[in-house]
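Take a look at this single chain, the form predicted alone, given in structure tokens.
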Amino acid sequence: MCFKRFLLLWAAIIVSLAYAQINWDGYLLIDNRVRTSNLSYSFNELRWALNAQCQPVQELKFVSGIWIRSLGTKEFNTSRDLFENIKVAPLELNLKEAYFILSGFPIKNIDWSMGKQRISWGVATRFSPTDNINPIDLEDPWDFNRRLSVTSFKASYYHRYFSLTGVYVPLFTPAVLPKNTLFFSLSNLPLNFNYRKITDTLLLENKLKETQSIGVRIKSKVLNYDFSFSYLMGRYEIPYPKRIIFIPTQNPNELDLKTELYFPKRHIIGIDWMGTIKDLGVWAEVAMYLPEKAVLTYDLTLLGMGTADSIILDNTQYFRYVLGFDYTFTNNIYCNLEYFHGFVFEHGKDNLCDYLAFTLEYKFCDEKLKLYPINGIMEIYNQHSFLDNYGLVFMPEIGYYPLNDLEVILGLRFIEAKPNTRFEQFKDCDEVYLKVKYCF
């Protein structure tokens, strides 16, 4: 019976595809950022996002999305490059999503989705420790919510009191990282030399048992509060060094480094909760990470000194969590506050810091103007000596909305960070930015 229904469904799909209506939407974004120190461009993007949905029959929906971008980066270095249009005016086409949703098969309470898709778990507004199916995209390190879509298969069963979702990802996709990322500190190396050339290789077998991820989530509502429990088996999306080979050069005070990187396995058990207490919106997430032990080998055999091992991630369980709330006052003031333990790139029991993200929004002039006088993130590296161990990214903004679909945002990003904090690497990156976005 199910097989006959399946054949009839696809016959109807083939006939109706030619007559299906495609719904389009998207936006145009102009994002320009300038360093305040030397008035040089730090980021320059023109993005056209185009989304399409098609539902030829009630049981089937196709969803797709693309980005067409010009990043404005300088690709021409010689006069020969001026003969190539792609280097003078670089353009990038990115397939963000492409999947279909099949509803009510083989029974009406089951939905399927297959293809390149974003599967969002968790409830936090900025950093979600349970949202780990899709790898992070840190190309723009200030766009905290951006993640990569992955080719995956999802099945959801809906009951009166709960929903059960299973996810299977056959291929591993690593995170996109900021440029010039180094996966180990040169100051922590066992030999104090000048390092001339540093190369690396990523290790990952192209076998299904090594590249797959499997996840399960059950979600329910109790007393108007949403709860969910989840489990995910996969790999860390940011690589760890597995072996560092020290290679001698002709200069006795100089060495080359060759690094082998890999992605350790991990298990994640998550719980999230969201609801309201009177007019106060509240949410919380807790994720327990069960990592594979990561051992770094310093290979000094070419120097006649053998090898040495160092544990950089042990298999001790650790927790990342977030607690947040938001509230809208009667005078058009909205506030959002999140406290979280463990940033997106922090892993291991002894490597997690505390952070506080905050936003205060004030609307006026019939909501055509929005002011964000308090907006940013504070890092608390050491609670016992806060004044000597903190980092602050302060981002006041003003937004102008002359039309319902048009927004213009002018902002300043000011960074203050003490030594050894995570934000220290950005302390000279103060910038002013202008964003214009039109939705259609």
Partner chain sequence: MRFILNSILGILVIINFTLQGKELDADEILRRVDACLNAPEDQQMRMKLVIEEQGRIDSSEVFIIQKGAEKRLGKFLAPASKRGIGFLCLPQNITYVYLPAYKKVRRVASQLKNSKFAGTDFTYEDLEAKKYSLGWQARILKKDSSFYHLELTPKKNTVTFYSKLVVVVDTQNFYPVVTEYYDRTGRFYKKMTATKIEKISGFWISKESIVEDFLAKRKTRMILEDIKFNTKISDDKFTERYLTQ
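This is a predicted model, so every value here is computed, not measured. Residue numbers count along the first chain shown, from 1.
Keep in mind that the form predicted in complex with its partner chain is missing from the display, and what follows is about it.
**Student:** From the candidate stretches 304 to 312, 288 to 296, 121 to 129, 230 to 238, select the single one in contact with its partner chain in the predicted complex, where contact means a heavy atom within 4.5 Å.
**Tutor:** Only one stretch qualifies here: 121 to 129.
**Student:** Do all of Trp24, Asn109 and Thr276 end up near its partner chain in the predicted complex, with near meaning a heavy atom within 4.5 Å?
**Tutor:** All three within 4.5 Å in the predicted complex.
**Student:** Counting only non-hydrogen atoms and a 4.5 angstroms cut-off, does Leu434 reach its partner chain in the predicted complex?
**Tutor:** Looking in the predicted complex, residue contacts with its partner chain do not include Leu434, since no heavy atom lies within 4.5 Å.
**Student:** So in the predicted complex, does Lys61 come within 4.5 Å of its partner chain, heavy atom to heavy atom?
**Tutor:** Looking in the predicted complex, residue contacts with its partner chain include Lys61, since a heavy atom lies within 4.5 Å.
**Student:** Check Lys349 for me: does it contact its partner chain in the predicted complex (non-hydrogen atoms, 4.5 angstroms)?
**Tutor:** Lys349: no, not in contact with its partner chain in the predicted complex.
**Student:** Is there a heavy atom of Thr211 no more than 4.5 Å from a heavy atom of its partner chain in the predicted complex?
**Tutor:** Heavy-atom contact with its partner chain at 4.5 Å: absent for Thr211.
**Student:** Using a 4.5 Å heavy atom cut-off, which residue among Glu75, Glu367, Glu92, Asp140 comes into contact with its partner chain in the predicted complex?
**Tutor:** Of Glu75, Glu367, Glu92, Asp140, the residue with a heavy atom within 4.5 Å of its partner chain in the predicted complex is Glu367.
**Student:** Answer with one of Asn145, Thr201, Asn188, Asn85: the residue that has a non-hydrogen atom within 4.5 Å of its partner chain in the predicted complex.
**Tutor:** Exactly one listed residue reaches within 4.5 Å, namely Asn145.
**Student:** If we check its partner chain in the predicted complex, which of the residues in 210 to 241 reach within 4.5 angstroms of it by a non-hydrogen atom?
**Tutor:** Result: Lys219, Lys221, Asn224, Tyr225, Asp226.
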